[in-house]
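Shown next as structure tokens: one chain only, the form predicted on its own.
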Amino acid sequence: MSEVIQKSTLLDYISGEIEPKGTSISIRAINERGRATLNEVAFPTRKDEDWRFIDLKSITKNSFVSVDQAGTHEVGDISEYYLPEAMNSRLVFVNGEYNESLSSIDDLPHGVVVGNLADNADHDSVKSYLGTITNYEDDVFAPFNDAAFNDGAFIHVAEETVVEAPIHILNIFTDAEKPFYATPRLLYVGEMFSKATIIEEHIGLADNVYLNVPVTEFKMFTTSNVHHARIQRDSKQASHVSRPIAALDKHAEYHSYTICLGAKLFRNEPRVIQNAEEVDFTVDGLVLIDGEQIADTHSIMDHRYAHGNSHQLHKVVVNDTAHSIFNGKIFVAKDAQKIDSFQENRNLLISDTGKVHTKPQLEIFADDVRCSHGATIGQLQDEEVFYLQSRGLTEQKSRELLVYAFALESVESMEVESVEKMLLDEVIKYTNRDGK
């Protein structure tokens, strides 16, 4: 009788041991910590409340190997993905590994350090903050990144320094002979009165299976300011499970925009932690999914001190049999008075077979706050379609225009012109898919 092996941890879906690879003491210490945690935390199932709506088959039906064993293909010419505004402020990682020849960091002001973590492991900020900001309890994916990463992107912006050019972190994934896993890492440290724009992008060049598990940490000191755009254009067969987190000191401003276009499974858990009074942050997002894609966002806006402003607008368009899940939480601690927080999830279903689960949540322990949340799920209104048809458009073009208008609000928030144009092109491609 054959023996049935019960898989219960993420390591069961990984082929081979996860050995510490970091070449520095600080990275190897995080590798060891992650490996120890992985052995203690079970792989999530639908019996877990936070995972009950999500199908993890795109992970569990595969056995992933390291990039070294995957037989990855050459990257080729990727210049079409370069941003003209960031031609000399770009870091490129191919299948999770830093590629110096494709990177260019020659045009950054004095006081700015942009490079890979392995080469900057002795920097005081790397030794002080790498691995200290993430706080995902009972989680398996952040420890997996901890255990497996050996490099990543590092950005340090010195006090009173403004970086005019956006810094582009370009994560490229190539075709491969076997499914592989990658663990991109990003540490950003913004000193007092600093300002920067970060474009973190994930692109799959082929239609292959891989598991992308990035961890992104932002440490923001007093009166620092960051605009952070995360653009996910992974392979439609890939799984992307990300852990972006920002910790804000007094008067810091953090504005994030997550755009989800690719991946068969996308699970994103953005967290923003208020570590002092008078901060301002946004956690906006746009999801455009079709086919059998699953997009799942679990966000936390964590107010721990008084006088904080936060805003979240999460917009989703669902076509075919795609499935969207949203669980957004606003936490307000007992002493966090005078908080002004707003959260809204708007969903547009353009097929009869798509699914949406949404659950905005408030947990408020202070008594002098202004917090609100809401969620809507709707379809295109026949009256709106009829109105546009009466102005000479076909029914198909009328529907495309209404979907485009729904998505436009999120895209227009982009501060980098070429990124805004690229996203508008992606929205048009999505809305025109049935028009041919």
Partner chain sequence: MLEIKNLHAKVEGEEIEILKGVNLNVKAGEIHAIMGPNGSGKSTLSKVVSGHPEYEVTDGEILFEGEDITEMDADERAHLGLFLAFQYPVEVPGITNKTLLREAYNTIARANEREELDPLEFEDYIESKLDIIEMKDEFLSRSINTGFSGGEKKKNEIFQMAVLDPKLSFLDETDSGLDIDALKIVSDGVNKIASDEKAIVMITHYQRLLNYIKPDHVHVMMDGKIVKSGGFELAEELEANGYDGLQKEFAVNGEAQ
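Positions refer to the first chain, counted from 1. Keep in mind it's a predicted model, so treat the numbers as computed, not measured.
Form predicted together with the partner chain: not shown, discussed below.
Only one listed stretch (44-52, 59-67, 392-400, 371-379) carries heavy atoms within 4.5 Å of the partner chain in the predicted complex, and that stretch is 392-400. Within this chain, residue 40 is remote from the site of the partner chain in the predicted complex, having no heavy atom within 4.5 Å. Contact check for residue 383: a non-hydrogen atom falls within 4.5 Å of the partner chain in the predicted complex. In the predicted complex, the partner chain lies within 4.5 Å of some heavy atom of residue 388. Shown alone here, residue 36 lies farther than 4.5 Å from the partner chain in the predicted complex, counting heavy atoms only. Contacts with the partner chain in the predicted complex, taken as any heavy atom within 4.5 Å, map within 404-418 to 404, 405, 408.
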